[in-house]
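Read the single chain below, which is given as structure tokens and is the form predicted alone.
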Amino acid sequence: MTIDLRADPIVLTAALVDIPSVSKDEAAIVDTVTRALREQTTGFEVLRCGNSVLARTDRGRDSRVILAGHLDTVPIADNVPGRFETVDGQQTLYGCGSVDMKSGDAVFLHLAATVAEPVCDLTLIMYDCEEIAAEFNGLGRIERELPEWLDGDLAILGEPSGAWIEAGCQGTLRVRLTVRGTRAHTARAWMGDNAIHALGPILQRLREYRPREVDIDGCVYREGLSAVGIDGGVAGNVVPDEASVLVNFRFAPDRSLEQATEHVRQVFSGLDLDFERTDGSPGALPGLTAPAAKNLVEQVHSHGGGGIRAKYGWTDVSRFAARGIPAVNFGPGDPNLAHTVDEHVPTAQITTVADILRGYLTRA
């Protein structure tokens, strides 16, 4: 398979969509992208790392911008190959990964091949296994094995954002709250202590919880504390002696993971329960006051982008923020359409993002 990095990024997006690349099965697309970068770009060092490909320039510029995107998709739902349709008078590309995030990848690859004299040095990272458990994430592997490749002054992830800058991201953690009781036969329920009934105070505190709204660099992050699972019960004739609630906290990036955990602990203080954090990832501050980020903001404002807003979900910008590198999400496509059977992107958004980033990289 071959792709033309100098083709219109709309055409390049369609070509990438037509190469199946479900998580853990990215070898074919990585082979194709690696070969294209080696044959169709100049001034780039190109390195294959597992099923990720990295490329960077060393022109001695004063700053370095990282363009990062994942090449994997969720399982195909009879939506490969892609197809073009006209929707409300707009050309639209349908297909698995068209939104999340092969359109963003196409823009980055196209710019690497066609921007001859960027004002900054560039690092391009196309990685694998973003759509599955974090332990498999290719960017995490690169961070462990080749951390110097993640150094820069700004990281732009091509996550779908509708041509808005979605700055930073919220953190996320999950805790399991477990209550204990006494098992008994339901015919003699008074001899037991029903653990499921004891979940009531936990659920009441969740119902009464009022989330914070936090303004950071003009981006408003709204927190959320939600029950996402309940576990309990032994049999249809047994009073259960244990029950638990799984709680998810989405927190603004001004809290550390430890501070967020302590906040959740305080929400349920005074209740007789066991508290266990089952997983968690820190958020990422917007970093929009950094010079490289300010230049991107100016370019978006002056060239028809959507503007700036907070990123509510968690993305890999967090990995860069943890290294002290400002990071933003900026790509074509509506994130609400990611992973859907009718995933699709208006092709005009691909053009808009490409034009804005071209102007940013050349200061045109």
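The structure presented is a predicted model; accordingly, all values stated were derived computationally and were not measured. Each residue number is its position in the shown sequence, starting from 1.
Absent from the display: the form predicted in complex with another copy of the chain. The rest refers to it.
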property: Contact segment among 283-291, 121-129, 181-189, 252-260, judged by heavy atoms lying within 4.5 Å of another copy of the chain in the predicted bound form; result: 181-189
property: Another copy of the chain contact in the predicted bound form: N248, any heavy atom under 4.5 Å; result: yes
property: 4.5 Å heavy atom contact, G82 and another copy of the chain in the predicted bound form; result: no
property: Another copy of the chain contact in the predicted bound form: R222, any heavy atom under 4.5 Å; result: yes
property: Any non-hydrogen atom of N237 within 4.5 angstroms of another copy of the chain in the predicted bound form; result: yes
property: Triple contact flag A198, S226 and I230 to another copy of the chain in the predicted bound form, non-hydrogen atom at 4.5 angstroms; result: yes
property: The unique member of L146, A134, I76, L203 whose heavy atoms fall within 4.5 Å of another copy of the chain in the predicted bound form; result: L203
property: Listed residue (G313, G307, G43, G50) with a non-hydrogen atom within 4.5 angstroms of another copy of the chain in the predicted bound form; result: G313
property: In the predicted bound form: members of 167-181 within 4.5 Å of another copy of the chain, any heavy atom; result: Q170, R174
